[in-house]
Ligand code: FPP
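The chain below stands alone and is given in structure tokens; this is the form predicted alone.
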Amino acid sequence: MLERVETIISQLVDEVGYVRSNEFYAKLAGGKRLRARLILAIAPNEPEAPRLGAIVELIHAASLLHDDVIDESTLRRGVPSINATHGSKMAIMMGDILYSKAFSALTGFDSKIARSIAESVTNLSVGEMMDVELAEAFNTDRQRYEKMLYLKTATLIEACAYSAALLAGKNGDAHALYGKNLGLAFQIVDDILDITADEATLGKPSLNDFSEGKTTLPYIDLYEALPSQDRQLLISYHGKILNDEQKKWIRTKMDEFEIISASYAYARRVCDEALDAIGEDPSLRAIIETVIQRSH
């Protein structure tokens, strides 16, 4: 079924009728296809599920193109990003092409499904804006961070689960909660791996989020655990390129206060709530476990 999703993605990009679109999309190929996998797991017997999965993956790819421009990222999945090789203008316009093509294809679905996906993209954009605002200074507000996390990452996954449930005639609200919590857990694990994984695994420098000005959950929890003097030192490192000694200090303090274990425990609680919402479903449990146990 996932092969069908890839075929439809290629068809949709071909329909744009511009060869550079194919060239640029080929550079974006890959990824975990979490959103498409989720749709297929919830609606495995629905003929339109692969097409919905393809549409959502185009939307996700568009958001990554814009995200790389916003973050001035030079790498995406270990290879040079489009904005690094062809400039920010081309990356933004390619993102716009994918967004608009996805929305065009989305009009073929039931209005509830189309509205859910479309509204989630609005939320995603608001989340991106909040992320930029929060990066202006060290953020100690956990609630603001979690709201941004939901809007930027979880809302589209929530909409995928809800829409797939509608396709399959299942409980939309229960699956929406599953999708929301899956998205939250995915991003929390992503935040953890930015700290714990090495550069070769990440495909980018370690602790890169903090250097870009992002105060993710582990840093907020570390700030709350540190004494006053160490808090000021942590803040002084925010938004700067860190040397090995500074990275070692952060990791040592994370270990001292068991911050990473606490973040994983929180992600696990979120996952357990997701599974409680939908009952026993081996395929959805497998997706949760893949997210919580991933190493890159």
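Throughout, we count residues from 1 along the sequence that is shown. It should be emphasised that the depicted structure is a prediction, and the values quoted were computed from it without experimental measurement.
Separately, the form predicted in complex with this ligand exists; it is not shown, and the next lines address it.
- The shortest heavy atom separation between residue 62 and this ligand in the model of the complex is within 4.5 Å.
- Among residues of the shown chain, residue 207 is not one whose heavy atoms approach this ligand to within 4.5 Å in the model of the complex.
- Using a 4.5 angstroms threshold between heavy atoms, residue 83 stays clear of this ligand in the model of the complex.
- Residue contact check for residue 66: one or more of its heavy atoms lie within 4.5 Å of this ligand in the model of the complex.
- Just one listed stretch, out of 219 to 227, 124 to 132, 106 to 114, 162 to 170, contacts this ligand in the model of the complex at the 4.5 Å heavy atom level, and that stretch is 124 to 132.
- Note on contacts: among 234, 41, 260, 70, the single residue with a heavy atom within 4.5 Å of this ligand in the model of the complex is 70.
- Shown here without its partner, the chain carries 140, 215 and 253, none of which come within 4.5 Å of this ligand in the model of the complex through any heavy atom.
- Contact annotation for 156 to 188: a single residue, 187, has a non-hydrogen atom within 4.5 angstroms of this ligand in the model of the complex.
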